[in-house]
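Below sits a lone chain in structure tokens, taken as the form predicted alone.
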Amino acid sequence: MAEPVRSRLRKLLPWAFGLFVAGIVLVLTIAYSGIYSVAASAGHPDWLDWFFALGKRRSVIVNSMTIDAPVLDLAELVPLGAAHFQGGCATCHRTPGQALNPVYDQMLPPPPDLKTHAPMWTREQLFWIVRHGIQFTGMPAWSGQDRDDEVWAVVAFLEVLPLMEAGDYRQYARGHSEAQNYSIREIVSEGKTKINLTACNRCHDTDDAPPMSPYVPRIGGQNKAYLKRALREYHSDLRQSGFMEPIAAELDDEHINLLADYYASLTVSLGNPARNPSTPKLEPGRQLAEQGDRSRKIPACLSCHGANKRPDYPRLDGQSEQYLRQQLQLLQRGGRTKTPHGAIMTTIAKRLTEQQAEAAAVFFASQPSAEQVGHKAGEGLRQ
């Protein structure tokens, strides 16, 4: 019985191979002839729309199955995600209360309104889409390598977006940047921007307010040498951040110098940390900062990061616990090895235990910066 079946299969095999080759030749012929129009204005046949939609949905579902979604601190992450959405996503996907620009409406497929489409995906699926992008749609992958922490901030924003009114969105997306009232003459001659997409105040601290999110560093009063180095590293794709790289890529040396001068001279805001540091961890953190850990070959943090130490190293006093912990985790994953400074810190960070990293973050978050101490001392003298 088996032999007749094998005999039939042997006879069918050449036919199957011939049909396969003929199919390839037909596809190549159609492609080379130009018969099929790739014009966006031509649209897709219904069956092709169905095929692409099915393929996209199944690909996202299957590939996101291995993602372990964390518990998201929505209140602290949403402002950061909203600021990036305004600068990097809103042009195509529109904002609450805004109609889609007719230019982007002619894309194939047109970008979806995420206020209504985001709820169709789970947290894990939203992360996969933002992190990896989607082919044939114009949706890019995340530009910051190994910066999943930034992607989760955008996911947090997308989960809240369906509940946002236009005014709520503008408040989140604008951050500390000021709304500008344009005269008709300015509109006629210069045009009008909705929100300055590269305004640093959208996320960072000002002279009277802390950063919009504890996951954003305080840069007011930092060393000028460090600020210049950080901006140049972002500009050159040596330091990874899907938030900062697109902005720094537009800066030239003059802009970098001016920004470094401005923030180095900025009076640090006296806003309290987003969370109260954990008291039991203060002493282990202090010991690590002041003495290090010889048994694990960890130098004292303050040997480089003190107020009067290396000018090209960041000062850590007054940074939030969340930001410091996030940066140490990034270093431990090897996400900062493209620069000499990052490589040095990566070696040290990988020697830290989880408890030591958390203790260091708690300690530095509890310390007022030198500028804050000076400000308070000045107030005392005036009183």
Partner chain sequence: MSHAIKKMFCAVALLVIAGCDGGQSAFSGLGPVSSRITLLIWIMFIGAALITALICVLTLISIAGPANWRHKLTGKKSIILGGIVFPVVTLTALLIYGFLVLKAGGTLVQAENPVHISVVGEQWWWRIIYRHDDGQTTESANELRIPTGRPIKIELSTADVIHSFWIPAYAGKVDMIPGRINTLHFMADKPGIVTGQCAEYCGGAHALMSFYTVAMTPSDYDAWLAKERANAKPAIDNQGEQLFLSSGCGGCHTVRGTQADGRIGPDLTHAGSRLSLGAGILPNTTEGFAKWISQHQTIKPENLMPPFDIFSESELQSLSVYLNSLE
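Numbering follows the first chain given and starts at 1. Small disclaimer: the values here were computed from a predicted structure and weren't measured.
As for the form predicted in complex with the partner chain, it is not shown, yet the points below apply to it.
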* Is the partner chain in the predicted bound form near all of His117, Gly133 and Met139, within 4.5 Å of a heavy atom of each? -> no
* Structure fact -> Testing 205-213, 298-306, 69-77, 97-105 against the partner chain in the predicted bound form with a 4.5 Å heavy atom criterion leaves exactly one stretch, namely 298-306
* Asked: Does the 4.5 Å heavy atom contact test between Ala357 and the partner chain in the predicted bound form come out positive?
  -> no
* in the predicted bound form, Ile344 touching the partner chain (heavy atom, 4.5 Å) -> yes
* To do: Indicate whether Pro45 is a 4.5 Å heavy atom neighbour of the partner chain in the predicted bound form.
  => no
* Does Pro340 reach the partner chain in the predicted bound form if we count a contact as any heavy atom within 4.5 Å? -> yes
* Asked: Can you name the residues of 346-361 that have a heavy atom within 4.5 Å of the partner chain in the predicted bound form?
  -> Thr347, Ile348, Arg351
